[in-house]
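First, one chain by itself: the form predicted alone, in structure tokens.
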Amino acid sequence: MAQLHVLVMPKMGLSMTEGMVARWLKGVGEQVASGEEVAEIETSKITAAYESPAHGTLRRQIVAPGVMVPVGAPIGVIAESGAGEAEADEAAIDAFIAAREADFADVQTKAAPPPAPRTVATEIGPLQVLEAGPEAAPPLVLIHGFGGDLGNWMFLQPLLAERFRTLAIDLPGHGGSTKTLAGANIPALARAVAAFLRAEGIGCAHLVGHSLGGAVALALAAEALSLSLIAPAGLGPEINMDYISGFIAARRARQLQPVLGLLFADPSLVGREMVEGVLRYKRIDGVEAALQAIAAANFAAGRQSGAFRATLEAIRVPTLIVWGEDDRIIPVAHADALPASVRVVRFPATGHMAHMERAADLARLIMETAR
């Protein structure tokens, strides 16, 4: 009889505990190739594709679109049939699903809770961090961009945590960190990260920075074991102010959705939960003033104020710069004519969020850099 394969709600991020099928891309009875996208899964950040683990026929959609289920819960069944094998009957599939649901219930009762963010007291105020990976491993700090938070690393951090003690932080003005800024320019934000490192007793660390966070990482180059920068700010004057001003001004989902869509090569990746999560953050007291201050300090008159190309010339640690060729926030041309000591990788069909759009490929490159 045909071998049966269960599709389960995937875990896409350290703190993800549940998700939902945004839509099925294959109908019951349709053929599915191994690795082919069979459904879209909506997470708290973006909508991600679910790839089939096997070749066969989609026999069941256990979970309907829009229904939230725990990570690991069965959501569908694929029957892998070969030449001369009989098709699985409905009773066999019912029994298979019942067994998988029983297994899931047993695992769920024994599962350890996912890591939760914690607050670190520093001289510039409380900063939130999500830590994962072996405590004795080399430290690797993840620094998000303008308007982001530590959740932006949800796909990348679990991959890096296999080798590093990863610490994803919320910059001042963002996420669960202080909304009171002790300065809003790049040096001030870098001092906040340095204060966090001191509070954690970390001397030097591998630094991974995205966009504005990339410029912050560059400002901390003297305290870095390596630098991995994703579309970093500070390497040229141009920036898409439609994103910066639109992010600050948006009050409703219909205003924010197209703004967040600018971050990705495929705007449809922006899920409803991502939009609602950003709106909740923007309603916190002090957030709007903090974002306005950061934008004014770093993007005055619609231009970037940082000038870190000279910094790259002086860096003596391994340095990687990754850019999406379809970046609509900071031009990929800023990756041109960099020092020969800097490894530059351009991802095709990728926007400003390579750490969400190409997490596995990016993790491999970072591990090659942060030796």
Partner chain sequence: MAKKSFRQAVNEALSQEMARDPRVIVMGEDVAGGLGAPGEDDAWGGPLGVTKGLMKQFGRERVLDTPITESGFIGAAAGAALTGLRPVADLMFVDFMGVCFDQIFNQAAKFKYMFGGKARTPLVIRTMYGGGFRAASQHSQCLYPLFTHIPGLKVAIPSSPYEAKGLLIQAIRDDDPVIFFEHKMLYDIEEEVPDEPYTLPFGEANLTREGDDVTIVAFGRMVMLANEAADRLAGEGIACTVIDPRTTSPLDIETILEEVRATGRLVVVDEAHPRCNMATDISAQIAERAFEALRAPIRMVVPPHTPVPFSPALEDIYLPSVAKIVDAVRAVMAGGRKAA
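These figures come from a predicted structure and were not determined experimentally. Positions refer to the first chain, counted from 1.
Omitted from view is the form predicted in complex with its partner chain, to which the following refers.
The shortest heavy atom separation between Arg280 and its partner chain in the model of the complex is within 4.5 Å. Put simply, Arg100 is far from its partner chain in the model of the complex: not one heavy atom of it is within 4.5 Å. A residue is said to contact a partner when one of its heavy atoms sits within 4.5 Å of a partner heavy atom; Ile284 meets this definition for its partner chain in the model of the complex.
When contacts are judged by a 4.5 Å heavy atom cut-off, Gly175 counts as touching its partner chain in the model of the complex.
Residue in contact with its partner chain in the model of the complex (any heavy atom within 4.5 Å), chosen from Glu90, Glu162, Glu238, Glu276: Glu276. Across the options 252-260, 294-302, 210-218, 101-109, residues that bring heavy atoms within 4.5 Å of its partner chain in the model of the complex belong to 252-260.
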